[in-house]
Structures are given as structure tokens and as C-alpha cells.
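Below sits a lone chain in C-alpha cells, taken as the form predicted on its own.
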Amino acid sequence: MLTSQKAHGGRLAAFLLLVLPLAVYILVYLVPLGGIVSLSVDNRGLSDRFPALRAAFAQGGAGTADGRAAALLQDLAGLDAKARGETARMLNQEISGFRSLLLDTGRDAATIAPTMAALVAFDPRWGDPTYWEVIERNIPALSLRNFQKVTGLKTGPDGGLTIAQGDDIYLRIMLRTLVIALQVTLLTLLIGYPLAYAIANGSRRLGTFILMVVLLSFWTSILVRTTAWVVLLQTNGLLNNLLLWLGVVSEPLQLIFNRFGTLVAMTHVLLPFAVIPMMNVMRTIPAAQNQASRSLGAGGVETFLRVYFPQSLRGVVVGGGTVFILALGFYVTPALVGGPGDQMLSYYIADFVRKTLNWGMASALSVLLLGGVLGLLAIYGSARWVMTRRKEGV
């Protein structure tokens, strides 16, 4: 009995030791992910700087014009120059002109009488309800304003959600990102499948050569490979010069800074991620099955379509899924070889982080991209479940 308990304890300890690294990895991954989600709705950077106005709105005192004016002036007077500048910058992202209005009012807040009339006399823009609506939207500690910008959804006069023309720009960019990722995935599978087949079923010399070429590309920096395509595809690049010399074209073609250049460069960068999984699956398919099919009278094409290809689909799904997920987050390659209409969602995430320092919008766009990926995975999982149930029913 004691020996059995010791054996059970040993197996439990071994199990915990094996699971611990995975649990730590998941925790390390979820912590920054949770931080991104919280940043997308966290509005304390603005909310904490308007305590009096927030309390006035909560208690109903802001229902009067003088109440709003008094609370606003009290909050602005309590901010130092740096805090006023940061607050003005964040509110200016909502409506242009708010920065100068808030900075000017903040500097003279102590000398302005705490009434709406005095505030409007100081700057007539305070009489515009739009500025007060912007402040009201931005004083809660948690806010969905970033997601409203990302989706373009706004509350209409009747209380319903509407999307005005032009406000859905990030949804269209998200759709463009999905389309480009899908195009790259199809191209890598079309090019990579014959390469994987040659590696798995060709002669040892041919397979080794193709595999080394694929791995050489895999080991080269993404920036180096993308820059190489810039040299090849530019107006005076090697490809255009070759076409002109052969007389195929009379003037250089526009092969870069458009969708063509983006797809070519991204396909080259991601090709190894499609070839390697397909190659590994193809190597597990017994050659005797093809021989048996041919001996039963099937031709080469029929053998491939009915025997070989169905068994290789697992590698196609893994390789295609890997390429698609990686393509969704591409930034460097589209930025260097794509045009303005070919930039993907990651470009705008980086733009918000580096240029405007708008971490909330960057986080909201990241959540949008993550949500799109999870949605696609849910659709794929549902389709697999339905197909499995149908097979079991048959």
C-alpha cells in the first residue's frame, strides 16, 4: 500500500514538473495580452485629471452650465503644465483645436470666474456643446471610445448604433489585412506544394538541394529579403532591366509600391512556413500505397488525387494556417514594398505607438486583430466539428 502511494506521488510530481513550464509560458503570454486589453478600455489617464467634473456629472451638478464651468476650472487649476499638456493632447485626438483651448484656459483658470458666462467670454468655443460632449465621453475611468473609433460605431439621435461614411476606415483596413493574408496563403500553398512534393518524393540529391534553398531563405533576415525585392522590382531594378533588354516591354513596369510587390515579397518570406509542414506530412505517406493503386489499374493522376493528395491535406492545413496567422501581423514587408492602399493593420498599430503615442487606439486595433483571428479559428473549429459529426453519422 505504501509503495503504491509512493509511486502515485512520484507520477504526480513528474506530471507537475512536465506541466509547470507550459503553465508558466501560458501565464507569461496572458499577462501582456491582458495588459493590451486593459489599455484599450483604460481611461484613467484622463479620468483622474477631472475629479471635480467627474463627481459633478455623477451627482447631477453638471446638469447646470455654471456647475460644469466651476468643476472644469477647478480641475484645470489643479493640473501642472505637464499634466495639462498631456490632457490637451489626448483630448485633441477627439476633436481638432481642443489642445489650444484647454492650454489657454488652464493657464488662466485661477483668474476666470466659475460661471459659464465667464468661460464663454474667455473663449467662445466653450459655448459649443461639442467640446463638452467630448469631455463627458472621456471622464469615465473605463471607456469604449477607442473601440468606437476602431469600428466607426456612433450612437444616433434615436439611441441606435450607426456608421457614418468614412468612419469605418479601420474595419476596411482589417478586411484588407484578411484579404492580403489569404492571397499570400494561397500563393505559398500553390508554390510550396510542388516543392514539398519534390523534397519528399524526389531523388535524394534533388530533395536536399530544394530543402537547402528553402532553409537558406528561412535563415535570412526578413529585412534583408524584403530589401532584396526592392532592388529587384524597382523601376530601374534588375527585373525591369531584363524585360527591357529582352524587348518584352517598351517601358519599365510598376512592380513595387503596389499589391503585386507586397504579395511577391510576403510570399517569398513566408514560403518556408508552408513547405516544411507539408514536407513532413508527405514523408509519412507510404510509397507502397501509390504502387498498390497503380497495380489496381489507377493512373498517375487518379492515384495522386484519390490516394496521395487526401493524406497530404493535413500538412496543407497546418502550413496554410501558419502562413495565414503570420501574414496577418506583417509590418516591415508591406511598409517597404507596398503602396498606401496595401498597408496592413499592424502598420497603423505601430503608427499610433510611435507617432501619436496613442496607446489606447493601438491596443484597440490589436484587440480587433486578435478578435478577427479568434473568430476565424472559431469558424474553422465549428466546420471541423460539423464535418466530424457528419462522418460519424454516416
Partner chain sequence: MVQQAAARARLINPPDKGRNMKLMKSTTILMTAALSVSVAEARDFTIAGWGGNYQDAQRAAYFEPFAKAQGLTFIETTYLGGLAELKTMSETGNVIWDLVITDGATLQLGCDEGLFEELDWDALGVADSLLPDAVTPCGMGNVVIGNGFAYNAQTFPDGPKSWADFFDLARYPGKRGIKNDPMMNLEYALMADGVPPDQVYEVLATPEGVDRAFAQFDRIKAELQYWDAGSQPVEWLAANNVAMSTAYNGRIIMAAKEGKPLTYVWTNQISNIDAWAVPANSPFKEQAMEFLKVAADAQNQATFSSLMPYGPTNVETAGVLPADVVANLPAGENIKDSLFLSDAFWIDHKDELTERWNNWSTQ
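Owing to the predicted nature of the structure, the values given are computational and were not obtained by experimental measurement. If you superpose the two forms and keep the largest set of C-alpha atoms that fall within 1.5 Å, you have the rigid core. Positions refer to the first chain, counted from 1.
Omitted from view is the form predicted in complex with its partner chain, to which the following refers.
Chemist: Using a 4.5 Å heavy atom cut-off, indicate which stretch of 70 to 78, 84 to 92, 283 to 291, 201 to 209 touches its partner chain in the predicted complex.
Modeler: Selected range: 84 to 92.
Chemist: Just to confirm, with a 4.5 Å cut-off on non-hydrogen atoms, which of 235, 311, 322, 148 contacts its partner chain in the predicted complex?
Modeler: Checked against the cut-off, the match is 235.
Chemist: By the heavy atom within 4.5 Å rule, which residue out of 122, 273, 257, 132 makes contact with its partner chain in the predicted complex?
Modeler: Here the answer is residue option 257.
Chemist: Flag this candidate site as yes only if 99, 103 and 341 all have a heavy atom within 4.5 Å of its partner chain in the predicted complex; otherwise mark no.
Modeler: Heavy-atom distance to its partner chain in the predicted complex: all three under 4.5 Å.
Chemist: Answer with yes or no whether residue 317 is in contact with its partner chain in the predicted complex, where contact means some heavy atom within 4.5 Å.
Modeler: No, residue 317 is distant from the partner.
Chemist: Flag residue 243 as yes or no: does it have a non-hydrogen atom within 4.5 angstroms of any non-hydrogen atom of its partner chain in the predicted complex?
Modeler: No, no contact at 4.5 Å.
Chemist: Although the partner isn't part of this model, could you tell me whether residue 166 comes within 4.5 Å of its partner chain in the predicted complex, counting any heavy atom of the residue?
Modeler: Residue 166: yes, in contact with its partner chain in the predicted complex.
Chemist: Answer with yes or no whether residue 172 is in contact with its partner chain in the predicted complex, where contact means some heavy atom within 4.5 Å.
Modeler: Flag for residue 172 set to yes.
Chemist: Core-aligned, does residue 213 move its Cα 2 Å or more between the shown form and the other one?
Modeler: Where the cores coincide, residue 213 shows only a C-alpha shift between the shown form and the other one that is less than 2 Å.
Chemist: Given a superposition on the rigid core, I'd like a yes or no on whether residue 281 shifts its C-alpha by 2 Å or more between the shown form and the other one.
Modeler: Shift at residue 281: below 2 Å after core fit.
Chemist: Does residue 103 move its CA by 2 angstroms or more between the shown form and the other one when the core is aligned?
Modeler: Result for residue 103: yes, a 2 Å-plus shift.
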